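Given as structure tokens, the chain that follows is alone and in the form predicted alone.
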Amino acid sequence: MAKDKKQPRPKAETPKGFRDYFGSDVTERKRMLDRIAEVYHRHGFDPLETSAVETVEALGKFLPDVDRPNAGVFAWQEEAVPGGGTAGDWLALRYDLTAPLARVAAQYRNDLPSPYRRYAMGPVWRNEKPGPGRFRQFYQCDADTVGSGSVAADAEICAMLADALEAVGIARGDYLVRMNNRKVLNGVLEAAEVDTDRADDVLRTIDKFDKVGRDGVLALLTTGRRDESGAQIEGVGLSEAQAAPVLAFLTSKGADNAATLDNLRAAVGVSQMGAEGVDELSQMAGLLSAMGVAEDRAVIDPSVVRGLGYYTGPVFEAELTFEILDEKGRRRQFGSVAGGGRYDGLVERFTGQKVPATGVSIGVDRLLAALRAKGLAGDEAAGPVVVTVMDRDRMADYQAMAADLRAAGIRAEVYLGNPKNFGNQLKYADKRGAPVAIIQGEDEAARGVVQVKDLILGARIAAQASLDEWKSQPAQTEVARADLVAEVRRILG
């Protein structure tokens, strides 16, 4: 009888485009999100958690990644299984936190207050091609107001965003919330007499202003230009007269908001929609000033172009203005960490009625990377105090020590590996980042004392002290068992 073939062992590897989070990765992110949540809570927003899985119908649209299965989402079809959904239903992992909010706002519209203000934090999934710094699972942190058409809601989101950045440690002067309005953009297109079929091409060209400058945008709007590689890039085909309002719009940033607003009014000309967008920006600027958000924190900036087919009014993004060294050692500005705006058409898909909404999404991983670059994300929670085990039969005594420390609010654990090699216990404590190790052998137990080893001071002495200083063991002290908690508190400061 033939023997069964041995099954190959599975590979212990993370799926491509995904990653694992350990220790400080998790605690640093949690601390950052907790601080943001405190700001949102103070502004009257309630937390909301939705399922990671939505129906494809509720998600409403796939991401525009035509090269991926299901155009960019992780989706599957339900089968007829007991307790499952209806056979044939399509389900998908959520690709953002806004589409589930639209479903919630429609599903519970009779139960929720209106306007409804919520914040949400959690992972989202996108079936995209992974690359350096680009993962298929990542965290988002959103705050939205559904049911208010007032620009006061947009201004509040911008003020809250500025407060949140400061709450996590980004100092004033190191960030700027920049605001624009989609209606102003539409007004400029109207003033330039741009055909509907070329509008998106013009808006995409506007978005390149920071990279190619005024002359580059003019070339792209008209006959085209050669890029740095020498390749010819086709132009949109506008005349120079048509391009003039667009260029006036792009160069309308003034010395302050008042000057920018005057320039924008000139750029939109007689367009009623454009004038409405400028008025909304003017109202937002006044409201932010009343909330104590000065122009060094939030400013009108016509170069902000985002969500071309999505946003319907004010748009905004938070940019970090400090410089960092990139992987090639070059200095560059950190850039955008959050963005949002007004989207008045999303909930309408469910209800058939227009429901105004506005919100912002913070890129959690990018903001955390910024905090690390500034040295602001260090894990305040050190590793646990490690109670070593000198005698297996006295495990209850060691557990009692750890329990006393925990009761005093000190993170502590007992070493639960093989205690035979004491050196391995200290290596374990070092790997855990433990600030202190507790040692009690038979002799110490008989005398009612413990040895308290300051591992941080010990490492510093080992690196800097003379042999005589090292032998004097200043990093290890003997105290009465009853004084254990007080001595550990002293060391931890």
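So that there is no doubt, residue numbering starts at 1 and follows the sequence shown. These numbers were taken from a predicted model, which means no experiment stands behind them.
One more form of this protein should be noted, the form predicted together with another copy of the chain, which is absent from this view; the next part is about it.
Task: Among the candidates 282, 336, 150, 251, the residue which, in the predicted complex, approaches another copy of the chain to within 4.5 Å (heavy atoms) - done: Of 282, 336, 150, 251, the residue with a heavy atom within 4.5 Å of another copy of the chain in the predicted complex is 150.
TODO: Find the only residue in 416, 294, 270, 255 having a heavy atom within 4.5 Å of another copy of the chain in the predicted complex.
DONE: The option sitting close enough to the partner is 416.
TODO: Would you check whether another copy of the chain, in the predicted complex, lies within 4.5 angstroms of a non-hydrogen atom from each of 174, 390 and 477?
DONE: Judged in the predicted complex, none of 174, 390 and 477 sits within 4.5 Å of another copy of the chain.
Open item on the list: Would you classify residue 313 as touching another copy of the chain in the predicted complex, given a 4.5 Å non-hydrogen atom cut-off?
Closed with: No, residue 313 stays farther than 4.5 Å from another copy of the chain in the predicted complex.
- [ ] Could you confirm whether residue 245 comes within 4.5 Å of another copy of the chain in the predicted complex, counting heavy atoms only?
- [x] Flag for residue 245 set to no.
TODO: May I ask you to check whether residue 182 falls inside a 4.5 Å heavy atom distance of another copy of the chain in the predicted complex?
DONE: Result no; residue 182 lies far from another copy of the chain in the predicted complex.
Open item on the list: How about residue 117 - does it come within 4.5 Å of another copy of the chain in the predicted complex, if we only consider non-hydrogen atoms?
Closed with: Judged by the heavy-atom cut-off of 4.5 Å, residue 117 is in contact with another copy of the chain in the predicted complex.
Task: Location of another copy of the chain contact in the predicted complex, chosen stretch of 152 to 160, 255 to 263, 313 to 321, 201 to 209 [non-hydrogen atom, 4.5 Å] - done: It is the stretch 152 to 160.
Open item on the list: Can you list, in sequence order, the residues from 220 to 234 that come within 4.5 Å of another copy of the chain in the predicted complex, counting heavy atoms only?
Closed with: The stretch 220 to 234, when checked against another copy of the chain in the predicted complex, contributes no residue at the 4.5 Å heavy-atom cut-off.
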